[in-house]
Every structure is written in C-alpha cells, then in structure tokens.
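To begin, one chain is listed below as structure tokens, in the form predicted on its own.
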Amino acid sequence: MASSIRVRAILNGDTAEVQTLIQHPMDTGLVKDAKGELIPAHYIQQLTFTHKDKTVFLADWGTAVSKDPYVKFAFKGAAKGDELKVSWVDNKGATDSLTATIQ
C-alpha cells in the first residue's frame, strides 16, 4: 500500500501550529467488497509527532478513525527551522514517517 503524509507546521508567536493529512485506507474489517466478502481490517494504530526528541503528540487509534485522517494540533517550545518528525504504524506492521521543517 502506498501511503503519504503531508505536514504543514507554522510558528505563530511561541506556538507551532501543525496540520497533517495522512493517506491510509483505515479499513474497519466490517465492510464488504463488491463480492460480499469482508475487507480485512487495516488501520493506523499509533501516530507520533516528535520535536527535539520529545513526543509532542501521540495518538492511539482503532477502527473508528476515518479514511485519510486529518490531524491538527499546536505545541509550544518550537522555533522556525526546527524539525518535526511524524510517524505511524498500522495493524499490519506497515510504517511511514516524514520530517518537516517548522516555518
């Protein structure tokens, strides 16, 4: 499965405002395909944002999160040019990560 993470992190005063869009099917395991067979569960279990080796946002997800999740949050202590790493792992063991620069 090809996945994609898009991150926008902008400093506003002393607060970094982060917006993230993740392309992932987030299948619940309860939906049937055109043949009437269940589509196996496939969803992100954990999403982590790290700044200066410190976790600034952590989400433990299950099947209730929609396809292509969007996450928005803010945190203090960042500066322009700092790196923000986002990573996820899903229930099938797949992972993806991206490092963005705070603008």
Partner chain sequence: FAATNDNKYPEDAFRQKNAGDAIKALYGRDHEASDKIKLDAPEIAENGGVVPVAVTTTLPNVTSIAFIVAENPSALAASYRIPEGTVPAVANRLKMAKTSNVIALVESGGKLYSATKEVKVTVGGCGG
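Residue numbers count along the first chain shown, from 1. Here the structure is a predicted model, which means the values were calculated and not measured.
FYI, the form predicted in complex with the partner chain isn't displayed, but the following is about it.
4.5 angstroms heavy atom contact with the partner chain in the predicted bound form for E37:
No.
Is V71 a contact residue for the partner chain in the predicted bound form, using a 4.5 Å heavy atom cut-off?
Heavy-atom contact with the partner chain at 4.5 Å: present for V71.
Is there a heavy atom of L21 lying 4.5 Å or less from a heavy atom of the partner chain in the predicted bound form?
L21 belongs to the contact set for the partner chain.
May I ask you to state whether A41 is within 4.5 Å of the partner chain in the predicted bound form, using heavy atom distances?
No, A41 is distant from the partner.
What residues, if any, in 31-60 have a non-hydrogen atom within 4.5 angstroms of the partner chain in the predicted bound form?
Result: Y43, Q45, Q46, K54, T55, V56, F57, L58, A59, D60.
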